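Shown below, as structure tokens, is a lone chain in the form predicted on its own; questions about how it binds or moves come after it.
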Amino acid sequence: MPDHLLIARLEMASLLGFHILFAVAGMAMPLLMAIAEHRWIRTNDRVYRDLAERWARGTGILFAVGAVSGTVLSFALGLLWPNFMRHAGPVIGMPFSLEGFAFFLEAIFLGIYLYGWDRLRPRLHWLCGVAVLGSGTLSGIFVVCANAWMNMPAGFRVEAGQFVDIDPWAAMWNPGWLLYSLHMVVAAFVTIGFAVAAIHAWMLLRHPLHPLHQRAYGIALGVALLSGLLQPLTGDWLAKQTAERQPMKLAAMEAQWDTTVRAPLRIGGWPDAARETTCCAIELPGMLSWLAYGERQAVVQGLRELPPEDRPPVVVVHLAFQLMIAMGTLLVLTAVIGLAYRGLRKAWPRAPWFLRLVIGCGVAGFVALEAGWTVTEVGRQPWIIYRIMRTADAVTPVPHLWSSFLLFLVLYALLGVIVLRLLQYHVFRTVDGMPQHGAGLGGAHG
């Protein structure tokens, strides 16, 4: 029943799109607070400690909401896709179990970190922050391992409709786990780095001499710019693997209809699935073949290789991919400008025009993150396990899914409002009360 499947897909997309915001924060925020505390230990500058404490409170709030949204997500998997869970559970259950173990470690060390100020020696306290960073990152990697398996399944055979010869380790270390994980972790540092830098850039426009915002801006921008330069390399690696293992996803990303040599790279354009054409795109001949296979004369498969019912939704995938590339290009250009300025002037750029550019990048990072996730998930369709199980065969037969969809939308809207209010009160509200100069708060400037 198409409407039934569509509602299940929309519900899952909403839950994932919400949860991923907290998942990336759980990986990247501990890095920022650990850097700030390390600078406090090294310089005895009190502003860095205050900054680490504020970021830790923000991390705690985001962690709590992420735990709620992640729990809801696990229930939704069983509710919406019972056939998938029945077959995939024995194969790919291990990374989910390890993710739970990493989650508990993250919760324990975050609790010690939040309540250990002045109770633990500074370096031991800082090591607890590093442990939060490690366990939070591992937690995200284990989840991505499971998602990579859905795109590049391994570790089992299908015999008479049953999954046999199951090897959980081979399933977890599937061909896509490393490149998907690396791309996701770097994306987390880019997104959250620019988001935090954007908040403090906005505050610097109002209070240019505020010591906390100056130091916060420097730390967050450094993380954002360095990871922003690394992300295109991981993206190129992922695209090459996609071309080899999921050629129809690549064809949908580029709206490539015909199998051809010297395939063009398309910038922009609007695919017409009914006419199987793409209009209004700027085409760079041979560039897609070169980027995908390292050879301008290489053959790139087109969507016409498959009947329409076996193709990914090309309009959604192509537009999401173009949006991701556009936002990613903005972030990379900002990284090049910022790092070049840092190299020449030995300081981060704080001109108003650059601060406004960073504020724009704070939004662009989240747009790129959601667009990239859309490409990954929608580009795998119509398969929930690539070339093994169709999404339509995994959906629940339970009627009235729209009621749970509306319930989750209301719940997540409420959670979104709560988290914004908590961040405003516990992280940002008291900042304006700080002195406007570094003197009297500690020593050196960052």
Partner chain sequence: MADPGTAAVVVALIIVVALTVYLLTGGADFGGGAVWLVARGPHAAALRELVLKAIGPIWEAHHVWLIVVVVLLFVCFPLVFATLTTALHIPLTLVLIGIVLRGAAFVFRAYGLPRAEFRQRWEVIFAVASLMTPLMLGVTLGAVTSGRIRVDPVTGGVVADYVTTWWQPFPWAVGLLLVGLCMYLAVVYLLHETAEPALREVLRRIGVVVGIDVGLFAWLAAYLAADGAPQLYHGLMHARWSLGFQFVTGGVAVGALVALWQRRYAVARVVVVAQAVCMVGGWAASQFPWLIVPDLTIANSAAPANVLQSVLWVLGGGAVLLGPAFGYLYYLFKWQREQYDGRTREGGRAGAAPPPSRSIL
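Numbering follows the first chain given and starts at 1. The structure presented is a predicted model; accordingly, all values stated were derived computationally and were not measured.
Omitted from view is the form predicted together with the partner chain, to which the following refers.
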| property | result |
| --- | --- |
| Partner-proximal stretch of 193-201, 344-352, 104-112, 282-290 relative to the partner chain in the predicted complex, 4.5 angstroms, heavy atom | 104-112 |
| Partner-contacting position among T329, Q297, T277, T71 - heavy atom within 4.5 Å of the partner chain in the predicted complex | T71 |
| The partner chain contact in the predicted complex: I267, any heavy atom under 4.5 Å | no |
| Touches the partner chain in the predicted complex: G116 (any heavy atom, 4.5 Å) | yes |
| Interface membership of G379, the partner chain in the predicted complex, 4.5 Å heavy atom rule | no |
| 4.5 Å heavy atom contact, L233 and the partner chain in the predicted complex | no |
| Candidate site G60, V398 and I418: all three near the partner chain in the predicted complex by heavy atom within 4.5 Å | yes |
| Heavy atom within 4.5 Å of the partner chain in the predicted complex - qualifying residues of 137-174 | I166, D167, P168, W169 |
